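Quick heads-up: it's one chain on its own, the form predicted on its own, in structure tokens.
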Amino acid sequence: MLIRVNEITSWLTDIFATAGCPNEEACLIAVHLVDADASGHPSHGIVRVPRYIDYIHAGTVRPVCAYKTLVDSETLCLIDGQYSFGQVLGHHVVNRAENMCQKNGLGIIALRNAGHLGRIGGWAELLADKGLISIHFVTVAGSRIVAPFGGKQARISTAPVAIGVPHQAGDNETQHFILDFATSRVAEGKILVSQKTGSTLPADAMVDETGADSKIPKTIYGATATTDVPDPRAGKGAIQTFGQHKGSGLGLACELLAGALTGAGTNACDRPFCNGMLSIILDPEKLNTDDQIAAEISDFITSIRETSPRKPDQPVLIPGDPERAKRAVANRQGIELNATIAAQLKAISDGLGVSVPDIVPS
């Protein structure tokens, strides 16, 4: 079914507010999740709500954000998120980075013990909106679900990386370069979506306990695959990395930079689930001595888009283009809400006493 962006955002806000989040924080969580779906990344969107509500009920994520600043200098900051919602902590990182860059042109922010941060590209987009370049390395402590290159046992997390470079087109339209990907062959959320909706996965998305390629969600979920909240650590297999040794090496770097360096911890040991993120943010204007950076970025992006395509009906895009196109469609037509996910949201709403939109079948 199609549901309007504002309608699903309001519904999720009510769910999280009733579950114990302050209304403003509930809205931040809802907006980030809905935007992930609207941008074409449902793996980091609405499908996560049942798991998030389970986190609140289990006490593994704080419904009310609390954090401590452990290191605070002009260009370096270390934040302990104390297992608060990542969507709220992410906004704090963005705001803190903006203040640091206004004063010094540079901000390096290490975040540890955060709840699931969602689509990391969303934080790069917000920073690009402020004219800032950002690089983000992320790990998921307590989520040993990916096998390193050449292995068949899970040893690392999906370890996302995101890079954002601000760009305004000639008509002043925002067209930022937003590179955002998990270093695993697919994000765990995509396997979750496949389990719930039947969507197709690459044949080599996972490796089973025998070392063979697999695209069956049960490979990582095991007996929990058919439950409302499948556990990606319950199966005997693992997700593979992308690009063989290259993606694997980048995933290992994320564990070191976003895990060991931030204090979130690596997946060498069993730990409580949390995200660690190392963000490097800079103001390009502080380096713009000859006033050429914006023009150079624009010329380069234009040259890429003007590349002759291999297929005439598939123009060459830059990272960020597909998300903008899908978001525009979603804002016009609404977001497609899978019936299984809608039923779970309705069950959660009924349990909390939250009103369900009329569009959702009873």
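Quick note: we count residues from 1 along the sequence shown, nothing fancier. Note that the structure is a prediction, hence the values are computed from the model and not measured.
One more form of this protein exists, namely the form predicted in complex with nicotinamide-adenine-dinucleotide; it is left out here, but the text below deals with it.
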Which residue among R155, H116, R233, K196 has a heavy atom within 4.5 angstroms of nicotinamide-adenine-dinucleotide in the predicted complex? H116
Contacting member of L127, I191, M206, V140, with respect to nicotinamide-adenine-dinucleotide in the predicted complex [4.5 Å, heavy atom]: V140
So, Y83 and nicotinamide-adenine-dinucleotide: in the predicted complex, are they within 4.5 Å at any heavy atom pair? no
Mark I108 yes when one of its heavy atoms lies within 4.5 Å of a heavy atom of nicotinamide-adenine-dinucleotide in the predicted complex, and no otherwise. no
Quick check on G334: any heavy atom within 4.5 Å of nicotinamide-adenine-dinucleotide in the predicted complex? no
Would you please decide whether D35 lies within 4.5 angstroms of nicotinamide-adenine-dinucleotide in the predicted complex, comparing each non-hydrogen atom pair? no
Within 4.5 Å, heavy atoms only, one stretch in 293-301, 61-69, 322-330, 22-30 touches nicotinamide-adenine-dinucleotide in the predicted complex. Which? 322-330
Members of 241-257 lying within 4.5 angstroms of nicotinamide-adenine-dinucleotide, judged by heavy atom, in the predicted complex: none
